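In structure tokens, the next block holds one chain alone, the form predicted on its own.
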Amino acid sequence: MEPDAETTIARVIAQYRDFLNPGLTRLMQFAGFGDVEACAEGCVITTEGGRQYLDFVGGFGVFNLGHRHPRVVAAVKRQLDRMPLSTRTFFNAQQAELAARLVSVAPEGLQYVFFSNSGAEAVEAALKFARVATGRPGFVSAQGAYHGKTLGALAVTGREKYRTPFEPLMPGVTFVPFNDLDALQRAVTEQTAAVILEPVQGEGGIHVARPGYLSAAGRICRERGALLILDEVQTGMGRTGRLFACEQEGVCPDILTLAKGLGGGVMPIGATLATPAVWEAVFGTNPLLHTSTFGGNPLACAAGIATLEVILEEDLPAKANRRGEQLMTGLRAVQEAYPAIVKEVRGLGLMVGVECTHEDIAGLVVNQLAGYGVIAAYTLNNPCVIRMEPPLVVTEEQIDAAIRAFRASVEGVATLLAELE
């Protein structure tokens, strides 16, 4: 490591400690991530310390196109030279174009788009829209769900650890076990505005909706006069092997949320799509009922347009299926060899979870992986599960390298545990 790099790393860590988050600083250093990211390209991150890592976190669904995809970067640079932000006074071509393109590929029935800046904002809009459209106050969500940490989104997030410090939150939320249709049937009442679900629970531990679950949820909502909100903030944009995960069983929700991968790993952007009936109820009388100063800005929309072009032209959903199958096959071979360490491997496309037998073991494996040049992370609502969400442009050779690193990491943890017995 160059002396200048050592100085830079020390300065950045001190600034994190003194001006950002002392607890997070200690946690990152303890976990072995005491370096500073410097640059990235494709699936590879380079640190100030000169190390290179395969990115198998993928920004939790942000870097579907990898880091700095040249077409997205070029589109943003062109827009930056013209008009980065909108005056919010005239019509904006980039926002209109991205909305039209999203609707053209979205599940049939979704016709209108509201743009924001993040997944949490997209969910906040969805919750507000559902209340206005139905005139009802309540929501049903799933245990282990993650929809964001703003007050409304947090109220439907299914882990008390994050909700309790901020209570009282939005009232009228009922939580049911994920994939339990009987519980869902009992929970939806005449007071329910909407059921909000993830097609694959991300932070809940990469739990995939069982076949028929989402379509049955939609039927229950229709029977009770409630709406179905599908949160595809993490699953959307090709991550699960289809452009939208709900396409796996042909479900069209009343409201769908997107973010993360929509910005191509270059710009933050969120989107809330809905049916004409929902839109008329929300905006029919007052077109300014819900707004966002920066939502749908030209820079973010230019990134979104380029992102959609790349995903469709390069058929990244199909690549996610192939590479996901390769990854899960390799991880399951390690599971069979070390069942005392790895309990289960599950996922859809390149949204893969590795459940360890204990959360401390998961932490050790993540630490070992970093030592072998692969970064991964556990899921927030289920720390026993290591998530692997590499960019959809990941190569066969990079998947093989990550599998080898995972095997070596598990072997290292097994040896360590044996020494402690």
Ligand SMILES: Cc1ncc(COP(=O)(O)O)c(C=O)c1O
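Small disclaimer: the values here were computed from a predicted structure and weren't measured. In case it trips you up, residue 1 is the first one in the sequence shown, and so on.
Same protein, other form: the form predicted together with this ligand, not shown, and the subject of what follows.
Heavy atoms of residue 254 never reach within 4.5 Å of this ligand in the model of the complex, leaving it off the interface. Proximity of residue 310 to this ligand in the model of the complex falls outside the 4.5 Å heavy atom cutoff.
Interface residue remark: residue 139 is not counted as part of the site for this ligand in the model of the complex, having no heavy atom within 4.5 Å.
The closest heavy atom approach of residue 272 to this ligand in the model of the complex falls outside 4.5 Å. This chain is displayed without this ligand, yet in the model of the complex the stretch 229-237 from 229-237, 329-337, 81-89, 95-103 comes within 4.5 Å of it by heavy atoms. Though this ligand is absent from this view, in the model of the complex it lies within 4.5 Å of a heavy atom of just one residue from 118, 292, 248, 185, which is 118. Only one of the listed residues (350, 300, 195, 123) places a non-hydrogen atom within 4.5 angstroms of this ligand in the model of the complex, and that residue is 123.
For the stretch 132-161, the set of residues having any non-hydrogen atom within 4.5 angstroms of this ligand in the model of the complex comprises 146, 147, 148, in sequence order.
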